[in-house]
Each structure stands twice: as structure tokens, then as C-alpha cells.
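As a starting point, one isolated chain is supplied in C-alpha cells, in the form predicted alone.
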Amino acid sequence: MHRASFTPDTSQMSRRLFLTAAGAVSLGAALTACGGSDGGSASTAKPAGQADIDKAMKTPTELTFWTWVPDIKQEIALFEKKYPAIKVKVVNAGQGVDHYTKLRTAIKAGEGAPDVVQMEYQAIPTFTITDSLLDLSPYGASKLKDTFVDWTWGQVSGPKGEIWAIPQDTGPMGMLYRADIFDKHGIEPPKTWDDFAAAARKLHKADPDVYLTNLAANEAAAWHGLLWQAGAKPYATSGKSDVSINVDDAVSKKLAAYWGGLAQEGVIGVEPDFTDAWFSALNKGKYATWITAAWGPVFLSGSAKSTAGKWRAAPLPQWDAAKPSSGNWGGSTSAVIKATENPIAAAVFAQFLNSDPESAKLFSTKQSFFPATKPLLTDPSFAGDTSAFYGGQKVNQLFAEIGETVSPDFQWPPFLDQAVTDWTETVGTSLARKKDTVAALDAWQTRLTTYAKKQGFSVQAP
């Protein structure tokens, strides 16, 4: 999705859909993708001293920044005000697959790539394996670790202390629910997934036209977020060619049996999300909850206006109520391309854009992004904000608390689009057709493993 964005204007909401995330990359491509520009000093960067930084930031320079973020001029202006010698040229190269395809093409050609680029968390491994991103640790980024939510730092960090990007926004997952429907049927917000399943059966039996939720059979992003919450570790990468694929382990099969079972019982919906029919269903009360992320509350308030005041927010139901956890769905970062001729200026820009308090707050208030910085998440003006759409509830504070339960250990594969394509054609299809989702996991594992081996990766046994 362009971004699991908080904008209430749905015409701006080209969601950060997994299916249009980073493209696949073969091992052979990984060895050649960085041909062209040698990147100058960025390729063998030594720690930049303050004198080096001061000099670079006073040298007239133009940075090119590829981003799909709408109306980002104010954040850019803050940076240019602090560093008047540096000008930032903003380019919207597209969203999703278009954005990443153009980026890979420019990197491989050795010309036309930006200095700084918008990049989703799940896309980072696709570009680190091709050695396309600049390690920001020599440019002072390590000092920002405590500024950001812990799990986001885990997403942008490498095994040897590399820092591949600076977090910008996040999407910790929670549950939005219709309080009026719950009250009518005597349902409490479910604390566990067992409670959730019982509520789904109770509600649909009482009113066959209403379902507790819809698990979109086209939404690999949400599935990965639920895997994350459940503690699954479907992927791991070591070095340039060793990968672990484990999408059918016991945790994943528990998840598949749960959701596949509810789908087969007919007590949840499985229609595609973000369609006219889906929007209509939310407005008409067909679904009593939406399993979503922190960008969901603002999006819903602009998409289901007729239901204002009827919704509330809650954490996801838990597999183990004694160990609260959640997953993430959405969010992005600012990364620097390794071949940049201006590594210091680009690194400083990426850091300033996302860590400067005023800039970070603008992303929250202007673009309605859910923050990645700890100071903003605890700022009373943000955390204490109440929404009439949610009955005066402090929704921001709730999702900030949920964000603290997201594990920092979840990893992504270096061939994300293939993982998503294979998920859609196996697990997603099983949900849509109400077939055996556990068996579909095995098919997903086989397809993805076969693909990885054909691309030259060494697939480690689970």
C-alpha cells in the first residue's frame, strides 16, 4: 500500500498493500544490481566527524527525495530552514510496485536514482541484499535509537549494527468494534481469540446478516501482521544467499486452523477489502469489528461517516492473555541510496525529517500518520486527543500502548512480492473458497521454497 495512511480522504488512501511492495530479486541480480555509479565516499564510509558534517551541510547541495507522501512541503521547509545550503527536490515516482521497480532500474543503471527514498519496512531486505542502501550508522544515526519505538529500530537495523533507514510511521494492529452491535447482543470486547470465536458464532446465530469481522482473503499484509502477533518467525536471512522459510510451522498452522475454521463455519466474512462492497458493508453494519492497524481509526472515520459515535477501539484478542502482543501492518521509513554523491547531507536529511520534533509532529497532524517516535507518542496533545467518532475515546493513546507490545524480532524475506503472490494463490484462495487453510500453508511453503532455490538462494531447513 502506498501507506497504511491516516488520511481520511480515501482518494488519497492507496493503502500500503503488500502485493505492491518490493519486487522479487534473484541472487544473480543481487550481484549486479549496484553496477553503475561507484557511490564515491558512501561505499566505504568512515564515521563522519562533526567537522565533516558541518562542512557538508554548509556546502550548496541539491538532494533528490523520492516519496509518495502527499503535501510534504512543510516538513521539507523545516529542514531547509535549518540547513539553507541544502535544497530538497521532491519526486513522486509512483506508489507500490511502480515506485520500487523504478528504483531498482535506476540503481542498476547507475543513474537516475534518488539520494533519499521512501521505503516500507518490509521492502528493506529486498534492497539490502543487493547492497543498495547506505549504512547510516557512520553518520550519527545510532544516537537516535532511543528516540524510536523499539520494534521499529529492529526493523531498520542490520545484524552487524547497520542502520538501513530511519522510521517514519507505524501500524501496530488493534481492533475497532461497533459498540452498539456489541451492546445489542451482550458481547464484550473479546480478550482472547477463543472469546473472539465464541462471539463470532453467537453474533451470526443471532443475526445471520451480521458477522463479527471480515478477514480479507486478498490481504497478505494483515495475515503477516497476525503471524507477527502470534509469535511466528516465517522468514530469516543470513548473509547474501542463506534464507529460512518457515511459513507452515506450528504457530502458523494454529493461525490457519483458527481463521480457516471460522471461514468454513461461515461466521466471518472473507470478501476483499477496500472495495465499494466492503466500504458499504462497514457503513451498513455488516461487520461488527475491523481487525486493522493504527492508521485505521482515521481512515474509518472518513470512510464510514454514517456510523460516527458507534465505534470503539481495543487491543487485538490474545493467544496468551498473560503475555499481551500485537503485530504491525503498515508504516515506512526514509532510506539513503548507497550510490548517493552526497552521503552526509542525505543521511542528515533522513534523520532530521523523522526525528526532529516539529517535523515528526507535522506527519501526525498534517498527513495523519501514526508516529514512530516515543516523545510524540507520549505527548499529551497526541496521546490525550479524543475522537467523537469513537465516543470520546483516547484512541491514539490506546494504539501507542499496543505498539509497545510489538516484537522487534519479526523479519521479512528478500523476495517479498513472491511470498505475497504465493500466499494469495494458496492461503488467500483457501479462505475465499472456504477450503483447508492448513493444507494451503503447506502449498505456500513448497512454492516459496522452490522459488527461492531457483533464484540461487540456499534455503535452510526449519
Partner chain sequence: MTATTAASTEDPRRAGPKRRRLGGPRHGAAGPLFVAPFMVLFLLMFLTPLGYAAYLSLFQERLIGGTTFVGLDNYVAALKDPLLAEGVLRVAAFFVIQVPLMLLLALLFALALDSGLLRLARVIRLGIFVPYAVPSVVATLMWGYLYGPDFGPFAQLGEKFGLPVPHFLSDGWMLSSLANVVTWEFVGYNMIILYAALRTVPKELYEAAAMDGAGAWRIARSIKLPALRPALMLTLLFSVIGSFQLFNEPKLLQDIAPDVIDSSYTANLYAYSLAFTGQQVNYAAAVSFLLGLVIVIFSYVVLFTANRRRTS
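Residue numbers count along the first chain shown, from 1. All of these numbers come straight from a predicted model, not from anything done at the bench.
The discussion below concerns the form predicted in complex with its partner chain, not included here.
Residues with any non-hydrogen atom within 4.5 angstroms of its partner chain in the predicted bound form fall in just one of 432 to 440, 398 to 406, 52 to 60, 66 to 74: 432 to 440.
Contact with its partner chain in the predicted bound form, defined as a heavy atom within 4.5 Å, holds for exactly one of 300, 163, 227, 129, namely 129. In summary, among the residues 318, 218, 122, 334, the only one with a non-hydrogen atom within 4.5 Å of its partner chain in the predicted bound form is 218. Although its partner chain is omitted here, in the predicted bound form all of 108, 272 and 281 have a heavy atom within 4.5 Å of it.
Within 4.5 Å of any heavy atom of its partner chain in the predicted bound form lies no heavy atom of residue 387.
By the criterion of a heavy atom within 4.5 Å, residue 85 is excluded from the residues contacting its partner chain in the predicted bound form. In the predicted bound form, its partner chain lies within 4.5 Å of some heavy atom of residue 241. Within 4.5 Å of any heavy atom of its partner chain in the predicted bound form lies no heavy atom of residue 310. Contacts between 83 to 112 and its partner chain, taken as any heavy atom within 4.5 Å in the predicted bound form, involve 101, 104, 108.
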